[in-house]
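Quick heads-up: it's one chain on its own, the form predicted alone, in structure tokens.
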Amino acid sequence: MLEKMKRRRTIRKYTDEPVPEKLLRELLTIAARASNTGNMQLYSVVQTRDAAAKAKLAPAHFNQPMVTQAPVVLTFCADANRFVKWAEQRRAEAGFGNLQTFMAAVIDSMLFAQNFCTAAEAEGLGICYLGTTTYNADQIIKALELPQLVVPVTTITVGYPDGLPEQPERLPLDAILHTETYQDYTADDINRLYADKEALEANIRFVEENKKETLAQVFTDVRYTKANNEHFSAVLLKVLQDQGFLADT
């Protein structure tokens, strides 16, 4: 298992081989053993297999090809709806329309999602996380008919890999590990920790193709701009209000 985790890659191209429903259910059952807040399991997952339904989701993910090409698309949701309904039917009142519950549900759903991915990869499946889920959460809510107190958090495409891409680089452990207290980074630290990343031929080409001076500028000026971040932040904030997670604010 550890060796597989060391070699893991994000898979964006899949064969036509279907993912058996029995296997998918087994992997999700295993994933549900993940830790969660108070054993309330404040999450749900919506599986999408139908081609028309995947096409309906695709625009929310900026029409990334793996959404329609993957055999299965899984949308993992922060979900307080089910627990609140259970509480109401048992003469209990759940005060879950707030940011704290949403954060707990986000953590629960991501632990569930990552447990699923680890299990799926152990069975020879490939996965790809789609970070676009929270960008256009309002569109996904409409497409999947999500009720109050349910918000999509991440989407994962699943299938059997059609080839293996190169493994992307990662920062050295020293860049992310702090001992006892947080040790802030000096200018020399930043230069040292990002040196290998910036020296990669693919990243040098990335900078040239985008006509930028540094790799950092590609991230800030092209991929994750301030304007886009502020726009999608406003969209998500409205989603949280509309879905009832900010009802108490």
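We number the residues from 1 along the sequence you see. Quick caveat, the model's predicted, so the values are computed rather than measured.
Beyond the structure shown, there is the form predicted in complex with another copy of the chain, which is absent from this document and is the topic of what follows.
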- Q69: heavy atom within 4.5 Å of another copy of the chain in the predicted complex? no
- Message: Considering non-hydrogen atoms and a 4.5 Å limit, does another copy of the chain approach G163 in the predicted complex?
- Response: no
- Might A58 be said to contact another copy of the chain in the predicted complex, defining contact as any heavy atom within 4.5 Å? no
- Partner contact for S233 in the predicted complex: another copy of the chain, 4.5 angstroms, heavy atom: yes
- Near another copy of the chain in the predicted complex, with a heavy atom at 4.5 Å or closer, the residues from 94-132 are A94, G95, F96, N98, L99, Q100, T101, F102, M103, V106, I107, M110, L111, F112, Q114, N115, T118, A119, A122, E123, I127, Y129
